[in-house]
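The chain below stands alone and is given as structure tokens, in the form predicted on its own.
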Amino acid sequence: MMKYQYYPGCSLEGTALEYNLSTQALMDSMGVELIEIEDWTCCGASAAESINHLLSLVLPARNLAIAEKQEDIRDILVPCSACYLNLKKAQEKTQKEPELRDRLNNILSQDQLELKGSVHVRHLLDVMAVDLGPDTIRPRVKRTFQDFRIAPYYGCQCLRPYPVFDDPEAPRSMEPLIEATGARLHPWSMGTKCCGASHMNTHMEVGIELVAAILRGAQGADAILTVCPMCQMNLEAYQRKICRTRNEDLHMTVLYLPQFIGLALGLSEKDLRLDLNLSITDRFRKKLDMS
């Protein structure tokens, strides 16, 4: 059985609960054991860096140090792209800069922790594409999505600035997983375009413009698949406002990747918490009922 340490992060216990629960349900159905890191804390999100650079490294380093106590499992599975980026940055910088690691360990020692650099931070998409792959998904498919056309949306943070498992300029890691369900790929060039991230709160007009372009590019698809809570929120929560202000019908179903794959594998909507999604269209539901 594959085993990973699991870092859900703050969003997956709040606004992205469906991402958390669908990830766990999908991994369990595929025989993958997730062991949640004990006493994990916030990775710093995007706020810590603007307040204190050292704090933005101490917070993820603390979680890595805790994970190192689990000596038999070296990989940490992280679904949230922002959390992945922060944890990955701490891992990379402390491995390359011994002086920084010593400085962080001096702080962590107050909590009886020490970071040695023995764990590996993995994004959920990395694990699904590399460790599991389409050959693991395909024989488990229980409902065919051959009539569905899907737009894979990667966002920024799971591939940049660390191109560990895919090409950040021309990513392909999601495509074979989607095709393993029988679905077709929606041809588009928006898969790595920024959704505006936190600009939705600080410069909404910028965020609205970016999201509108992504939704417009997805027209003709049955759904957009995401792997990031911030992207998911921006793409689904502002559709009504965008359609009204642009005088266009840009409504689009937006699902997390494990929700879509889970549906293909026969998991229930309850297990995948589709009731928490904000933008599932009637058209998508009708096709889903017929699949």
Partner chain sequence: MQPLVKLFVNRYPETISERNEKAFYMDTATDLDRTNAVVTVSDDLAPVQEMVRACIQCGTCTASCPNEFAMDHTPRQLWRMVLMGQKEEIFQSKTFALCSACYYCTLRCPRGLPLTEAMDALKQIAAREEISKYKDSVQFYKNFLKSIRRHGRVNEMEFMTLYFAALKNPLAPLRFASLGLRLMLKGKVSLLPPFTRKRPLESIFRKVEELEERL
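Positions refer to the first chain, counted from 1. No experiment lies behind these values; they were computed from the predicted model shown.
Below: the form predicted together with the partner chain, not depicted.
Shown here without its partner, the chain carries 48, 169 and 245, all of which come within 4.5 Å of the partner chain in the predicted complex through at least one heavy atom. Considering the partner chain in the predicted complex, the lone stretch of 128-136, 72-80, 109-117, 176-184 in range is 109-117 [heavy atom distance within 4.5 Å]. Contact between residue 203 and the partner chain in the predicted complex is found at the 4.5 Å heavy atom cutoff. In the predicted complex, the partner chain lies within 4.5 Å of some heavy atom of residue 41.
Proximity of residue 122 to the partner chain in the predicted complex falls outside the 4.5 Å heavy atom cutoff. Taking the partner from elsewhere, residue 13 is found to have a heavy atom lying within 4.5 Å of the partner chain in the predicted complex. Contacts with the partner chain in the predicted complex, taken as any heavy atom within 4.5 Å, map within 55-74 to 55, 58, 59, 62.
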